[in-house]
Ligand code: PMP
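Heads up, the chain below is alone and in the form predicted alone; it's given as structure tokens.
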């Protein structure tokens, strides 16, 4: 699915070859999952490369790190410049950009606030996360694994360890022949996919699980809500039952890597006529025009990448 074997990685202020980007096998994050990250997309446009909603992603990275008591030794502006530098140095479009904040090693012991907090950034070629045909609809399975309650693992943080449930759900769905899984929350309401938010259409109204549920507040989710409202669609955020999902007229996933992926079948229940519905297509069309610089209404969501990298941000304060 990913990953490039070549390219440059930004590590603590320096661009290095991917082969030289090394972390200790005793690093705290490797053993306990205490790390936070972002997934960000770069796209080609007629005016050059851009990064989609870059500053919003960096703001969420800072929030995630704060939740997990990981003081990032860089400012928001420095991280923005570092991500742009990494994208420019690799010069691949479309791209998937992964900044990750981790506790470097070596250190063992769960409660550890003394190890160095590091930042690494990679930018690799992006393919269709849910398959090359995902724009035309995928099959999803309601997973037997539930999304962890936010009292246990805060959903507002995009943390490494939060994705263990998604890993279990996704591999289970794949083994059963589905492209993706849908996780329910601890109360049995619809939560999200393994790496995406979920939307459904009933009676001409667009619904999505509300922020009171155990969901990550996705940046693509926010983009979809804004696009749908601008198209004149009514959007309702509420707790959604399995019954509402299985009897929906349309449904789709929305995520940075998955983009807008229509769902044509859920656990052998065919949605609508088994094809992407009209509301899904309308939102999908505007979204793709937006990320490729063809929709001026959302031009402020696109952060330009100069053809020559900016100077690499300074090394972390010691």
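The structure displayed is predicted, hence computed values, not measured ones. Residue numbers count along the first chain shown, from 1.
There is another form of this protein, the form predicted together with the ligand, and it is not shown here; the text below is about that form.
Single option in 145, 163, 93, 233 placed near the ligand in the predicted bound form, where near means a heavy atom within 4.5 Å
Contact with the ligand in the predicted bound form is made by 163 alone.
Heavy atom within 4.5 Å of the ligand in the predicted bound form - residue from 248, 216, 173, 97
It is 216.
Indicate whether residue 28 is a 4.5 Å heavy atom neighbour of the ligand in the predicted bound form.
So residue 28 does not count as contacting the ligand.
For residue 254, is any heavy atom within 4.5 Å of the ligand in the predicted bound form, or not?
Because a heavy atom of residue 254 falls inside 4.5 Å of the ligand in the predicted bound form, the answer is yes.
Would residue 87 count as a contact of the ligand in the predicted bound form, using a 4.5 angstroms cut-off between non-hydrogen atoms?
So residue 87 does not count as contacting the ligand.
Is there a heavy atom of residue 118 no more than 4.5 Å from a heavy atom of the ligand in the predicted bound form?
Close contact is absent here: in the predicted bound form, residue 118 is far from the ligand, nothing within 4.5 Å, heavy atoms only.
Candidate stretches 239-247, 130-138, 187-195, 202-210, one within 4.5 Å of the ligand in the predicted bound form by heavy atom
Partner-contacting stretch among the options: 187-195.
Can you tell me which residues in 46-71 come within 4.5 angstroms of the ligand in the predicted bound form, by heavy atoms?
If the 4.5 Å heavy-atom criterion is applied to the ligand in the predicted bound form, 46-71 yields 57, 60.
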